[in-house]
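Have a look below at one chain only, the form predicted on its own, in structure tokens format.
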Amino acid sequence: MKELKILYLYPDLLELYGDYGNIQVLKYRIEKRGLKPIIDRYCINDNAPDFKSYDIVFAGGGADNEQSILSKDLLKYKDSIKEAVNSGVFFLLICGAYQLFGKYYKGVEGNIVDGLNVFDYYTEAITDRKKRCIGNIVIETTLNGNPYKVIGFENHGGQTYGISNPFGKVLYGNGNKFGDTEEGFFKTNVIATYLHGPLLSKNPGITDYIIKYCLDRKYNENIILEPLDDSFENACRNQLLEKFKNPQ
């Protein structure tokens, strides 16, 4: 039986707005294809993970305090994480984790939280704590050459700059900054985004993109995923898209 290994980083600290749901959706859709998911969790003071041994690394969102706590621990693995990214391991990074993979995060009080500097972007929070990019959001991305609308929920005071390759074009909502036309960061094996919700429950196409990428990479095959019955998910997506397109 083919298997996919998933590493869930800091589940005790990075789990805002149901981000654990992304792990549940990955597990569900992997198992529905007759595959075996292996899910490991890493928390501060656990044994050092071998990032390159995994197919998927997932990290969710957290507030400023949580980011400051785990930044020092995460930086211990800076080189190992870069090697894993460069070797093709898939990274799904939500909100706070998205920010930490950049150069730095500057907090409301001006404090600097060092990032992993895996990518060249950086994030600076707005000094007014009441001013946040918050609400439903829709972006359009391209997966395997096909356009795909992505639905999520954003809630961030941080404004991210220096994005070389955005995850998608903003159709509704803010994005990386207030009123931005772009959201997130994307490369073949990295999706970094502010979209909570959780992201994958609302967007089965992204889940299947990740699964197919990882299977192709691991088994050196151009695997065709067996379609699942997504009629319920698609009905929900269509209802949300229509609501956002025609707000009351």
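None of these values were measured; they are calculated from a predicted model. Don't overthink the numbering: it's just position in the shown sequence, from 1.
Form predicted in complex with a small molecule: not shown, discussed below.
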My question is simply whether N155 lines the interface with the small molecule in the model of the complex - judged by any non-hydrogen atom within 4.5 Å.
yes
Applying a 4.5 Å heavy atom distance criterion, does H196 contact the small molecule in the model of the complex?
yes
With a cut-off of 4.5 Å between heavy atoms, is C236 one of the residues that contacts the small molecule in the model of the complex?
no
Check L16 for me: does it contact the small molecule in the model of the complex (non-hydrogen atoms, 4.5 angstroms)?
yes
Tell me, please, which stretch of 34 to 42, 56 to 64, 175 to 183, 209 to 217 lies within 4.5 angstroms of the small molecule in the model of the complex when heavy atoms are compared?
56 to 64
Within 4.5 Å of the small molecule in the model of the complex: all of K78, L93 and F119, by heavy atom?
no
By the heavy atom within 4.5 Å rule, which residue out of R132, K149, K103, K82 makes contact with the small molecule in the model of the complex?
R132
